[in-house]
Each structure stands twice: as C-alpha cells, then as structure tokens.
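Given next, in structure tokens, is a single chain: the form predicted on its own.
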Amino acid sequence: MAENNDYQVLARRWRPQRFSEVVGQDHIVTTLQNAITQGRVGQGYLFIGTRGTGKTTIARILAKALNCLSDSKPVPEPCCQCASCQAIKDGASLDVIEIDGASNRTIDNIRQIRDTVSIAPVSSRYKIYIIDEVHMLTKEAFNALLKTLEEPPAHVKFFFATTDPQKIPPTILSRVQKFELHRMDWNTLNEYLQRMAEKEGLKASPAAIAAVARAGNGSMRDALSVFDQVLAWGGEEVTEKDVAALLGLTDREIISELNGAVVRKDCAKALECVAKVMEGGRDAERFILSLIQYFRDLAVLKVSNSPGKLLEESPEYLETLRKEAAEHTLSHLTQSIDELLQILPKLSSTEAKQTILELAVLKLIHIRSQITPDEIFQRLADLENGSVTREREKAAERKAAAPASGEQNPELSGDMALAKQLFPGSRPE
C-alpha cells in the first residue's frame, strides 16, 4: 500500500452525512424527519446512548437539515452541497457551536452561552448549540442553563448528547425531547462492515468481518476503529486469525479442540489446549470469556427455535455449533458456564494464570463425568423395568417346574423383585 500522509481513519471517513446514511436508528431518523416536514422541531433534544451509536452524528445531521440552503425552509434531508452543510461538516460554521461538556462544564462556560444566545445567527436560520457529554456539567452550570433552555429565542436550538442520562437533573430532562439510540446488533454491524469493505476495496474474509463486528460490541465507531487496526496488522488481506491475534482472542480451532477433549474426557489433550493458549500469548481472562461465550452459544442452540436472533454468528458456523451442542446436555453446559464464571475473578489476583486455566478445563471434564439427577432417575427406571421383566420370567419358569406336592413360588411385585436383585441374600416378609 502506498504511503498516504492524509489518511483519514474509517470511523471519520464513513461518518454519516445524511439521515439516509444513519444505520440502526430508524426510529429516531423517521421521527426527526417528520418533525421537520410538519414544522414541529422543538427547542431542545437529548440524544441518549452508549458510545459510538451516533448521538453527535445525528445532532450534526439535524443541524444541517435545519440550516440547509437548498430550500427556503428546513429540509428532511440535507443536501450536503451548500455552503451551510459544508461548513457544518468541516466544523467551521459560526452558527453551529459544538461544546465538549467534559472540558466546558463550569457555570462560567454556560454563562458565555447564555450571554450570546440573543445574538442572531450570522448566515443561517438557526443558531444551534451541540453539547456533548452534557451530564458532565456541574449542578451550578445546569441551573444557569435552565432558564435559557426553557424559553430560548426563536432562532436558537439546543442538542445534547449523553451516555449517562441519570446524572442530568430532572428539571433539564423535562424541557427537552429525549431520544434513546439503540445499541447496534451484530447483524447490522456485520452487513455494514461488509458493504464498507467492498466499497473501500479491502480484502477481508467473511469470518474476519464477523469477528470485527463482534468486537464492536454494539458500537459502530468501535467496530470501524478495530477494522482500522486489523488492516494495519494484517496488510493486504485480513483473516479471522489476524483479528484474533490483534485483539488477543482465542482461535476458534483451539476452542473446538478443547471442546472435543472435554467431550472425550481427555485430560491430557485439554491441558495441551491450555498450553497452546498460553504459548500463543493470549490473555487468560479473554480465554475464559471466550469459553463462557462458547458454552452459552451451545446452550442457546439447545433451547431456542430461532437461535439466529440470539447468536452473533454466520449460518455456516451455526451448523458447526449445532453439531457440537448435540454432544452436551443442557445441565452440563449450564454447570460449565457457572464454574467458569466463578473462576474468572481469580485470574486477576494471581500470577499462576496457567494453573488456574488448567484447573478450569479439568473441572469442565469433571462436570462432564458427573451423572445428572435426570440420568440417575432414568437409570433406576430402566433397571426396575428390566428387573421386573426378568423376575416375572423366572417366576413363570419356577412355577412350571414346581412339583405336584403343592410347593408354591409366589410371584414377586416390581418393588420386591428390584429389592431381591439389589439384595439377593434377603428374604421377603
């Protein structure tokens, strides 16, 4: 790849510029576009969501739509071509002021806003204040903002973004319209990353993209940042192994190999798998988390009729998991997950991480070796049914062979027959 000093990271290059480009937040996009079309845009909006879900992005697109010069009034979709849209995109608009609530959180900072809201916009319809991480403002700053937010001038709009709405005073919350952004599901991230890779001409296997989508953990920005790292790591073509190596994840081949050892109760092979993990420089805690996720996926496959909605996996890999799930009982899987969850905290407080991992996999095999209560009851039922049948056959044979002297061999009941088999020296009363 040729050196490019002007390289722009994927998260910035692929930041949505129009409502139609926003992914996974259709409920918010539709509501805002309808509000613009109907002329019902409020004076304050609060966008709530975890990191990387599009809070600030939607606020900027809404600012573009309100100030777009492609029409004489606000438009439901900004043109992204006019001077106003370009200025907002470049962060150069004098009428759209972005403020970081974490570093501008004092009452003096808010007083500056309060003192300038009455000044008309320079070249736009509205003067818009976008305050990111608004929950970081002090109590005094919120109080200073309260009156202005309640009765702002007609040309002023406030857009807030936060990851922690519980820290915002109720008096502020009651004066804004609240929108909660969804954490993006794996399918949405996976499909988006596949389209992005195709348009960028990036060579990445479907399994690698799926792994990046899982690493995003519901955040589009995090997923794109991981993709950037992976591209730098893997070079021209990215594989799932590249993603695993970069993020310190355990290869699925090792997980599958370990599962086979547990199923066969092969302690030596299980310990070899642990040695591979440690020799490969993988993080011990991530290894346990990978095992927990793996057994959880197998448990979901045991109980769900629609596992595709609950598992972040491709249809091809789901078939592999189904075969591996068939080798376990649900009881074994839930006990394994519980055991691993108890072992996980111990890893952070010891240097003997390999020993802890070895203990963990040996306990998985021990769990597999245990007989569940259901299996015990089933074995007793089978034993009793088989014993009764055999005892009745023997009783019939003894009766047929009994002498005419009148000696009798009374037929034993099912319970008595079972007792006679378990305790052959005993005599029925």
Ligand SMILES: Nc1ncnc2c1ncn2[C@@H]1O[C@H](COP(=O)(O)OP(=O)(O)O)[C@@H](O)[C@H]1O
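Residue numbers here begin at 1 and follow the sequence given. Fair warning: this is a prediction, and the values are worked out from it, not measured in the lab.
What comes next is about the form predicted together with the ligand, which does not appear here.
- The candidate spot formed by 259, 339 and 359 is out of contact with the ligand in the model of the complex: none of the three has a heavy atom within 4.5 Å.
- Proximity to the ligand in the model of the complex, defined as a heavy atom within 4.5 Å, holds among 328, 296, 89, 221 only for 221.
- In summary, among the residues 184, 288, 244, 231, the only one with a non-hydrogen atom within 4.5 Å of the ligand in the model of the complex is 184.
- Proximity of residue 51 to the ligand in the model of the complex: non-hydrogen atoms within 4.5 Å are present.
- Among heavy atoms of residue 33, none comes within 4.5 Å of the ligand in the model of the complex.
- Although the partner is absent here, residue 56 sits close enough that one of its heavy atoms falls within 4.5 Å of the ligand in the model of the complex.
- Interface residue remark: residue 142 is not counted as part of the site for the ligand in the model of the complex, having no heavy atom within 4.5 Å.
- The stretch from 221 to 229, 202 to 210, 68 to 76, 104 to 112 that comes within 4.5 Å of the ligand in the model of the complex, counting heavy atoms only, is 221 to 229.
- Residues of 13 to 36 placing a heavy atom within 4.5 Å of the ligand in the model of the complex, in sequence order: 14, 15, 16, 21, 22, 23, 25.
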